[in-house]
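Below sits a lone chain in structure tokens, taken as the form predicted on its own.
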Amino acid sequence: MTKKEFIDLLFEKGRLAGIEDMEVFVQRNSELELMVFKGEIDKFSKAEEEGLSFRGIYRGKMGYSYTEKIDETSLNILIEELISNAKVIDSEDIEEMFEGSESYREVNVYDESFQNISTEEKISFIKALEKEAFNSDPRVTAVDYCLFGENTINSIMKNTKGLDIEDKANVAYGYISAIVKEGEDVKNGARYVVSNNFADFNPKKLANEAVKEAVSMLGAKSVKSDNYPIILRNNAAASLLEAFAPIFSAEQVQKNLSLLKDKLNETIANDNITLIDDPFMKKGVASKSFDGEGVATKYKRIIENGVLNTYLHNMKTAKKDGVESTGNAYKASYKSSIEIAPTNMYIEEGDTSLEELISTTNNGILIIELQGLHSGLDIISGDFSLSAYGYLIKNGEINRPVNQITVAGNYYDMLKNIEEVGSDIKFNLPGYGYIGSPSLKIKELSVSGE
């Protein structure tokens, strides 16, 4: 039985069981993960997973079910589980199926050439990556993580209202974490690359950057507790943005879990801040032509020159607010229900280099890493208190490395106190969307140290 025959028969049996509008989401996921340790392959994992989710409206409620077995034996089970699920739904929210957008912009997120790279070549890459780290500096004592991973996803959506769409994407990543030691002082540094073009995987460049940063932190010590001008380096700024990204979700707003409620068209950040969600970004890991409900995705300026223009919507939240969906419905997998998430979301670059941001700072701190992002912040209030490390800046120059400090503030206040925006945008590893930021110079944050 082909997938098309299975879906058609599922819809036919679903109608006979009293299910009204119905939709299937089929996802096939192929993964490869490689790790190397001391020149030998430490992990080799290759897996393929395929599954189908089924949702439909039964007596006015949306029910869900899913299966990993797409054959005739699953038909009745899918229908029975959907009906059982719909019967226990208490929410009064009305969910609907989507008949499809008038048009979908073509988004190319699949590179066929990457699939032609042999496993041997990928193994050679991570072995070379580890070797380059050891060769780059005699103080490198270990490489605790050296890995390569790739993922190819095929998705099909079809429903009884006429929606019938499909996409395919692939992405890979390389990651290294190196440990250096000088006397009793031990530090580590990490770097990664995310791309679906194997030419971007340069082992020497990646290893040298990771080791260089680890070495630069040798001799780090704390600073006196005080309020300091802060530069959040691009990766740290992106990490903080990702942690607070849910505040832009219309679902969080409607549940009173975001202080951005009733702030549309109001100034919520310095006028040098423009926050973009771009599902069409070239080389964007989260680029896509349609969202988890089949709605065509849209480029949007969530914040423009400091003014909040929109929340991120799926169909349910859009109906509540009397607006159109922004195309941000999200399904983490075929097993997941519909949520809201950004695509490629980033703070737009400014014109100032990181070096220039440093040169105009008399006595401040450059933060290169924030830690404890899952436990050291409150998304609702915006308060954060995070372990961090970086460099002390004196008279416009890097003075020395700094660690054992805690940086605290409020994200909503911080957005208004961003004095300058760098020109060095960087995206973090994919997580809650694909989140990026340039370096940000902040008027001041509280630093606890000595």
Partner chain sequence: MLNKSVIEAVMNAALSIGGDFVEIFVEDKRNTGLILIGGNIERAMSGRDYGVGIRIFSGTNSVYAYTNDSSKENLIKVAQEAALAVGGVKGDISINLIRSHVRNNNEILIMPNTIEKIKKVELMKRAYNAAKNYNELISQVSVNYMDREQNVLIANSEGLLIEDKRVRTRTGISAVASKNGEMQTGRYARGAHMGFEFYDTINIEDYAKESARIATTMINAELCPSGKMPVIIDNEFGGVIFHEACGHGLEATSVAKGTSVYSNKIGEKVASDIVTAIDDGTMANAWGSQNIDDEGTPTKENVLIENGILKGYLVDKLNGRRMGVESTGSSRRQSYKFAPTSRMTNTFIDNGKSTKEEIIANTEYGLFARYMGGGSVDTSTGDFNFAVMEGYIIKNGKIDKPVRGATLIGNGADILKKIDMVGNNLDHGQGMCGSISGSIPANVGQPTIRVKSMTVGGRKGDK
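All figures in this text were calculated on a predicted structure; none of them were measured in a lab. Definition used throughout: the rigid core is the maximal C-alpha set that superposes within 1.5 Å between two forms. Residue numbers count along the first chain shown, from 1.
Absent from the display: the form predicted in complex with its partner chain. The rest refers to it.
- Its partner chain is not shown here, but in the predicted complex it comes within 4.5 Å of a heavy atom of Asp413.
- In the predicted complex, none of the heavy atoms of Gly390 sits within 4.5 Å of a heavy atom of its partner chain.
- Proximity of Ser381 to its partner chain in the predicted complex: non-hydrogen atoms within 4.5 Å are present.
- In the predicted complex, Asn403 approaches its partner chain with a heavy atom inside 4.5 Å.
- For the three residues Asp42, Ser45 and Thr73, a heavy atom within 4.5 Å of its partner chain turns up in the predicted complex in every case.
- Heavy atoms within 4.5 Å of its partner chain in the predicted complex are found in exactly one of 138 to 146, 277 to 285, 345 to 353, 203 to 211, that being 138 to 146.
- When you look in the predicted complex, the only residue of Ser103, Ser118, Asn265, Ser375 with a non-hydrogen atom within 4.5 Å of its partner chain is Ser375.
- Distance criterion of 4.5 Å from any heavy atom to its partner chain in the predicted complex singles out Ala408 from the list Ile418, Val26, Ala408, Ile425.
- Contacts with its partner chain in the predicted complex, taken as any heavy atom within 4.5 Å, map within 78 to 109 to Glu81, Ser84, Asn85, Val88, Ile89, Asp90, Ser91.
- Once you line up the core between this form and the one not shown, the Cα of Glu81 ends up 2 Å or more from where it was.
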